[in-house]
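Shown next as structure tokens: one chain only, the form predicted alone.
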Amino acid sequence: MQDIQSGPSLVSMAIDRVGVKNLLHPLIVRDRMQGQQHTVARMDLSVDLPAAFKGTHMSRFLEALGEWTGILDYTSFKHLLWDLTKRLQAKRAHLHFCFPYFLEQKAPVSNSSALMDYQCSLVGNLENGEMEMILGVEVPVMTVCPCSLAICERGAHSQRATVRIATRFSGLLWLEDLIEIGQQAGSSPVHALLKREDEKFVTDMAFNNAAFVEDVVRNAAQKLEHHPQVHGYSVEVESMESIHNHSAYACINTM
């Protein structure tokens, strides 16, 4: 049968990325407590396309994914990228995985247990045999405004904020490490399950640890600076303000 994709294009122009987006696929992720965790990832897969070709072969992305182990570690991730370059005769391959990661969280006083989900991501690029990986996580926290606390007699406004961390790293970097860094950066972690005594404890802790969005981003960045596996990072903090019709935002980027 005629291979239209491999024929010449009417416009001789190279394409940086061409591929498939929003694929759902099972994924096995390393879990520090249980060894491994099964989840589902939303995946984008792409390669570069030389100017000489009219199109890529979309079915080959699915074939490569179908033969992949589904285990998210350095070796298998690099193998999938390498397989894409071979199947599609490309110089560069790109992967973007987004997936929920679950951790059991105990309430601080009652020890009541529940699962918290954290949105995670892994981005990979392969070019000339060299791979770059960026691991990311989104962590919800609570913040109490120091200014409001200082000027109000009966309380202060508080809100949920999101700490978004992305890292370049070497060796084995646990998702749990990044989640803990995010949790510790705010006034208080966000919990899935709290009894009355837990709610009092969390509220008191947060009001004793008031933090601007600038404080939160610096707290997280300082921990990342000293992490032995992290060699570059981006930290973004967005505070969904409770008394304003906008969010407060801060970012530190060393990548």
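Small disclaimer: the values here were computed from a predicted structure and weren't measured. Throughout, we count residues from 1 along the sequence that is shown.
The form predicted in complex with another copy of the chain is left out here; the points below concern that form.
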Looking at the partner-bound form in the model of the complex, is Phe77 within 4.5 Å of another copy of the chain by any heavy atom?
no
Spell out, yes or no, whether the shortest heavy atom distance between Cys145 and another copy of the chain in the model of the complex is within 4.5 Å.
yes
Classify Asn208 as contacting or not contacting another copy of the chain in the model of the complex by the rule of any non-hydrogen atom within 4.5 angstroms, answering yes or no.
yes
Taking another copy of the chain as it sits in the model of the complex, is Thr56 in contact with it (heavy atom to heavy atom, 4.5 Å or less)?
yes
Can you work out which of Ala107, Leu173, Met116, Cys98 has a heavy atom no more than 4.5 Å from another copy of the chain in the model of the complex?
Met116
Stretch in contact in the model of the complex with another copy of the chain, which is absent here, among 126-134, 177-185, 68-76, 99-107 (heavy atoms within 4.5 Å):
99-107
For the stretch 218-255, I need every residue with any heavy atom inside 4.5 Å of another copy of the chain in the model of the complex, listed N to C.
Arg218, Asn219, Ala221, Gln222, Glu225, Tyr233, Glu238, Met240, Glu241, Ser242, Ile243, His244, Asn245, His246, Ser247, Ala248, Tyr249, Ala250, Cys251, Ile252, Asn253
